[in-house]
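A single chain, nothing else alongside it, follows as structure tokens in the form predicted alone.
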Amino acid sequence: MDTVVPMTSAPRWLTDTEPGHSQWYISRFRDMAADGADLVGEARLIDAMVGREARILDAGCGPGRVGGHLHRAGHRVTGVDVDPELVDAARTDHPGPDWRVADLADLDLVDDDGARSLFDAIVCAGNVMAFVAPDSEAVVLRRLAEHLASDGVLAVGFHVAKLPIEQFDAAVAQTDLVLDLRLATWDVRPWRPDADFAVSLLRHP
């Protein structure tokens, strides 16, 4: 059985949401998929930035919509989320990727040879950064940076009303990552100061 090592401060996803929220979230996206909604815009952007059969980490994977699509596109996908209910849904709805329960602030993935797992791309979509434990944004970004290949890209998207862009940029400044490009949407619309959403592409210097 998967276990999660508890932090001193738990992720907001587990503490600030109402009981039953996870199942509501799962049902919501299953219903949207059944209705034919486009749920893979984030995955299309990531797919365009990597070569074929890339190693991709879906960080805060939820019920697996992004990582599932990337797997079907031919990539080698690992997905992690702190919520066991969401990971169970990912395993059910999107078989194929390696879905795991893990807290991003404690992330420590290793390959079969014992070496640190490195990824060509890491995607952190769905407001994940707004749901991590308070004041842990820099910790989470450092953990993700440790799993990012030297020429890889980390894509982080969130509503700026949920996480102010200044707070995010301050967290980035506490890592060895640099901002390569900022967009206002996952469909590559240019960033503007009054945008209500931000997609930040981060890389190693």
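As the structure is a computational prediction, the values presented were derived from the model and not from experiment. One rule holds for the numbers: they count along the sequence shown, beginning at 1.
In what follows, reference is made to the form predicted in complex with a small molecule, a form of this protein that is not presented.
None of 141 to 149, 174 to 182, 58 to 66, 44 to 52 except one has non-hydrogen atoms within 4.5 angstroms of the small molecule in the predicted complex; the exception is 58 to 66. Remark: A90 does not count among the residues lining the small molecule in the predicted complex, judged by a heavy atom distance of 4.5 Å or less.
Contact between D103 and the small molecule in the predicted complex is found at the 4.5 Å heavy atom cutoff.
Although the partner is absent from this view, I122 stays clear of the small molecule in the predicted complex, with no non-hydrogen atom inside 4.5 angstroms. Contact check for F197: no non-hydrogen atom falls within 4.5 Å of the small molecule in the predicted complex.
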